[in-house]
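Just one chain follows, in the form predicted alone, and it is written as structure tokens.
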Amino acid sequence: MTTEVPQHDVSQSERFNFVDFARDRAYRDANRDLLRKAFARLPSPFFQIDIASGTGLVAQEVCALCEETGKHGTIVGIDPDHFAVESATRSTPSTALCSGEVIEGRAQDLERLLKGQIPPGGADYVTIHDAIHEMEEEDKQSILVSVASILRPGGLFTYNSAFTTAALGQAAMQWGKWKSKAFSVLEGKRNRRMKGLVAHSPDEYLEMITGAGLSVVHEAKKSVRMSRTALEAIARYPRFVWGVFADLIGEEAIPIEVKSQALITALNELGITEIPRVWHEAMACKPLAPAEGRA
């Protein structure tokens, strides 16, 4: 029998957050490439919603694309984490071409949070980047249905995730050794009946997207080489730390400072300089109504 691990507080803070990892060049490039694919199909002006916006990476890259192309756009981010919202607000100032804001709230309340802001015809673009795997299992499909409902016909949706069954790729042994060594540093034991975040397959995510009424127009798997600096940065992200130690017996009694340091100590002891990780990405389109012709 498998027991689901209750999620403890994974809120971000000044010391433990996603900010440093989001600065990683390889990670930003992977996101920018996907955003650029969608951006080429957006009108000017456009209205975009970034769900689980975190510390603002997507908004920052979209604003940069506006400056690069001359397109005008508005982007509204939604995230439940107070620190992330404040960080994104500080680091993503509006420009003459790109304006936006970040709202503190849950994706489950998407339509209520954005009431009165979405254009009458619907949003042009919605993003959920590197976040859908952190959402509650029972909410994933309904959130995607809400995404489809607020998109205009022909509107776009992009998603990516480094937490699928394909994420470890050829480096599964390296990721496993890092986790095992961190457990050893803490002198901890694993409860194999416990489970943390559910890792869906890329096909399962595509089925969720199409099940919401969207048509997938692009899909890819991209290997991103996570440098030592990036690995240390992700070891300071509360959600990642919780995910690594979710099945550690007594995990809830160990402060995040101790668990984070155990991960970094493990990197040192193993001599790890980089580990690749596979991101799965997809772009989907809301079909046009029959009278409007093809999407």
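For clarity, every value in this text was computed on a predicted model and none was experimentally measured. All residue numbers refer to positions in the sequence shown, first residue = 1.
Just so it is clear, the following notes concern the form predicted in complex with a small molecule, a form of the same protein that is not shown.
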Legend entry - Joint contact, Glu61, Ala88 and Tyr159 to the small molecule in the predicted bound form, by non-hydrogen atom at 4.5 Å: no
Legend entry - Stretch in contact in the predicted bound form with the small molecule, which is absent here, among 185-193, 212-220, 149-157, 124-132 (heavy atoms within 4.5 Å): 124-132
Inset, instruction - Check whether Tyr237 has any heavy atom within 4.5 Å of a heavy atom of the small molecule in the predicted bound form, and answer yes or no. - result: yes
Inset, instruction - Give a yes/no on whether Glu204 approaches the small molecule to within 4.5 Å in the predicted bound form, heavy atoms considered. - result: no
Inset, instruction - Would you please decide whether Ala233 lies within 4.5 angstroms of the small molecule in the predicted bound form, comparing each non-hydrogen atom pair? - result: no
Inset, instruction - Indicate whether Ile49 is a 4.5 Å heavy atom neighbour of the small molecule in the predicted bound form. - result: no
Legend entry - Residue (of Ser94, Gln108, Gln117, Gln141) lying close to the small molecule in the predicted bound form, criterion heavy atoms within 4.5 Å: Gln108
